[in-house]
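The chain below stands alone and is given as structure tokens, in the form predicted on its own.
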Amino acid sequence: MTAPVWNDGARIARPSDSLPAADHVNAVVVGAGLTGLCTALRLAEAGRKVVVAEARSVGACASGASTGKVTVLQGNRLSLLAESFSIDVAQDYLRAHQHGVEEILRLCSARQVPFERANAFTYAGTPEGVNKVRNEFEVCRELGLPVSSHDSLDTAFPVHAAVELPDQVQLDPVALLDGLVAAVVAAGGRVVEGCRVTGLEESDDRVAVETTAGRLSADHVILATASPILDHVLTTTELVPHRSYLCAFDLAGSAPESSAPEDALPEGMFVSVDSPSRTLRKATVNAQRVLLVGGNGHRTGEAISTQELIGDLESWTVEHFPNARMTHAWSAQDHHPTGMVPLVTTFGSDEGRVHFAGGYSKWGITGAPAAARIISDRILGRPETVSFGTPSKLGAMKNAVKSQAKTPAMMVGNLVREGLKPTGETTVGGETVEVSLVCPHAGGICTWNDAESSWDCPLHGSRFDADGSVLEGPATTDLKRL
């Protein structure tokens, strides 16, 4: 595995700031991904004193590993919502993501973030997916989207049916994050990397925030952490962690002097409705056009070999693009809400001081700005004009049972020993390291991710480095060293 291909591009200098220890601010935003930075920007632009506390670095998790597709055509999401709940829920979801697209374009214009226009396609790679595509077309048309239907497409990979939505957007997600950081700082906010939040204590008039860099307090805290850290109930019942994989390919072939014609790359952004899924698009990195191919998503901690999933994506790509040479391979994690729409909530009550947004089902690049609007309006006392929709309780309950029906199984390999106290053993820097595989968040048993050399918890998606150091939450502490 490598870092995302976006990390190869030129970056602006990100401001380096420190935590205002023992200070009081209007809002502490936990997590410097798209949700956190979009929320921080809205609050800072409204004159609020805002600090963004990021445990690792800006975009270290899902936001910096995104495919960079900015579109409201998201596989067959709209037809699934209409079928599972109602056309009204699908309409609300669509409007929220349309708002997200508008906000992304506004930021790109204000901060000179480059982007490209591209048509989006939902397609069936097998005959079994044709009805799903046709249903999506009908729902999109009912919702007023200017879609067109195709029985096939002129692509190197099989397409048995497709829905096309014109004039969507693709971009470099890390360049977008850079623009957001610059905008937050310009508006008076502060972004602090390497600052992990480890505790919250809410009182009537403020929230005390414990971090690895010191202590401060805030009127409000926004948990923009994919799943809410320091909460053990919500993640169990309403969010299911999933990982998916993305690879970058050079199509020039092995000979240095050869070059791939532009028409060898598919025109547009493609997402399949099949299982396993496939997502494809072009990207420009360091002035070179590359092909991005992703898919093979699974519940975190359930895959037998994550490395085999990368190999499967490579084999599929080479089958359809024989000159393809894989240059990068990485993965990202997002959460699927059991209610099928992103989760935006205030803990305790509507007047509470701790807020959370997440569960974008891998469409956070447009979902995050909409969630930021909802949370910031709530904090600022403004009318909430954006909603992801309210699924029926019965429909959400049925989907929750389906989502949670498969109990994660422990993966057994050379590095894992079974027993009352399961442990894992790896070699890190020539030293043998033994850790407890009991996740400190809620007691899940971590499994080995052989592609990324990490311990992954199948319960709520916490991930740890080979030596047990926490990579991403909801856990906030390391695996116990033995």
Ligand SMILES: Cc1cc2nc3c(=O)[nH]c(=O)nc-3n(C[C@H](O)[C@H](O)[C@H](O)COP(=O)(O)OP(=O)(O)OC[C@H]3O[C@@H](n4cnc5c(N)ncnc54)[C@H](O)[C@@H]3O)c2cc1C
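The first residue of the sequence shown is number 1, and the count goes up from there. What you see is a predicted model; the values in this text were computed from it and never measured.
The same protein has a further form, the form predicted in complex with the ligand, not shown here; the description that follows concerns it.
Annotated contact segment (heavy atom within 4.5 Å of the ligand in the predicted complex): 24 to 32, selected among 447 to 455, 426 to 434, 24 to 32, 40 to 48. This chain is displayed alone, yet in the predicted complex one of Thr225, Asn296, Thr338, Ser79 has a heavy atom within 4.5 Å of the ligand; that residue is Thr225. Of the residues Phe270, Trp363, Phe85, Phe137, just one reaches the ligand in the predicted complex with a heavy atom at 4.5 Å or closer; this is Trp363. The putative spot formed by Ser66, Ser244 and Thr476 is fully lined by the ligand in the predicted complex; each residue has a non-hydrogen atom within 4.5 angstroms of it. In the predicted complex, the ligand sits within 4.5 Å of a heavy atom belonging to Ala332. In the predicted complex, at least one heavy atom of Val197 sits within 4.5 Å of a heavy atom of the ligand. Within 4.5 Å of some heavy atom of the ligand in the predicted complex lies at least one heavy atom of Ile229.
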